[in-house]
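First, one chain by itself: the form predicted on its own, in structure tokens.
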């Protein structure tokens, strides 16, 4: 019997500290300019490679009827990895391009809410790519793995890095910047989600807001300055002022008005900054102390504007 090697790993969520839609690329995808921040809230994965049975990719997610195995990003990531590896080995004359790779079973435990803008599916996919890259002895360069990742999903390249990163174009140009790790984060997720395609469709129906590239370049450059204390990190982030915009927030609020109500509720409760992440529907607020984050969390949990919401208290990593 073929030996089974099992890898246990986690896949952290993210928030977009700001997100600008700057136009469309020649391939029709939207050109983005965003700073993504990894947070300490995750899905769990168990990836088993080898063993008896058909040489296929199997995705299991107990208790989730909305997860369609062969359409899940974990499946797509493994499938693209094996296809790319077959082609690479064949091009190097090391293996026939029709070669079959080992049976791969991905057991997924979902914690990150779907349709939240927190990147759960993309993070899961990146974790699968990282496991397979390790298992097969790092066959791809960093650049090759990044190209493979963006073909799985726009946010996947970021999760190969994690931390705090500027992400441009579709999301494949990733530049790590100074860490904003350790800041308490409060996530409030409405029960209703937002469709990412519909959100971008709404953006396309109107003229895009003005994007001042020089102003953003200057602000992001300031974020490369390392800060030790949480208050200094938060203050540095907040110097962005009016640049801290998510262009997808307006169409998302039009679709799910509760998003706007939650943002207002968080600010009323004392959050100095609150915004939607990604295409929503999750809203986040940053703090410089756990005490303040807990205080706002307790207040929001009893606020009728946040009725039926998932409330998550975590931190940046």
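So that the term is clear: the rigid core is the largest set of C-alpha atoms that superpose within 1.5 Å between two forms. On a predicted model such as this, the values are computed, not experimentally measured, just so you know. Numbering follows the first chain given and starts at 1.
A second form of this protein, the form predicted in complex with cytidine-5'-monophosphate (C5P), is not displayed here; the remarks below concern that form.
Not displayed here, cytidine-5'-monophosphate (C5P) is approached by residue 154 to within 4.5 Å at the level of heavy atoms in the predicted bound form. Proximity of residue 32 to cytidine-5'-monophosphate (C5P) in the predicted bound form: non-hydrogen atoms within 4.5 Å are present. Heavy atoms of residue 197 reach within 4.5 Å of cytidine-5'-monophosphate (C5P) in the predicted bound form, making it an interface residue. Though the partner is left out of this view, residue 130 does not reach within 4.5 Å of cytidine-5'-monophosphate (C5P) in the predicted bound form, counting heavy atoms only. With the partner left out here, cytidine-5'-monophosphate (C5P) still marks one of 130 to 138, 146 to 154, 224 to 232, 185 to 193 in the predicted bound form; by a 4.5 Å heavy atom cut-off that stretch is 146 to 154. This chain lacks the partner; the member of 166, 85, 170, 160 within 4.5 angstroms of cytidine-5'-monophosphate (C5P) in the predicted bound form by a non-hydrogen atom is 170. Superposed on the core, the two forms differ at residue 28: its CA moves 2 Å or more between this form and the one not shown.
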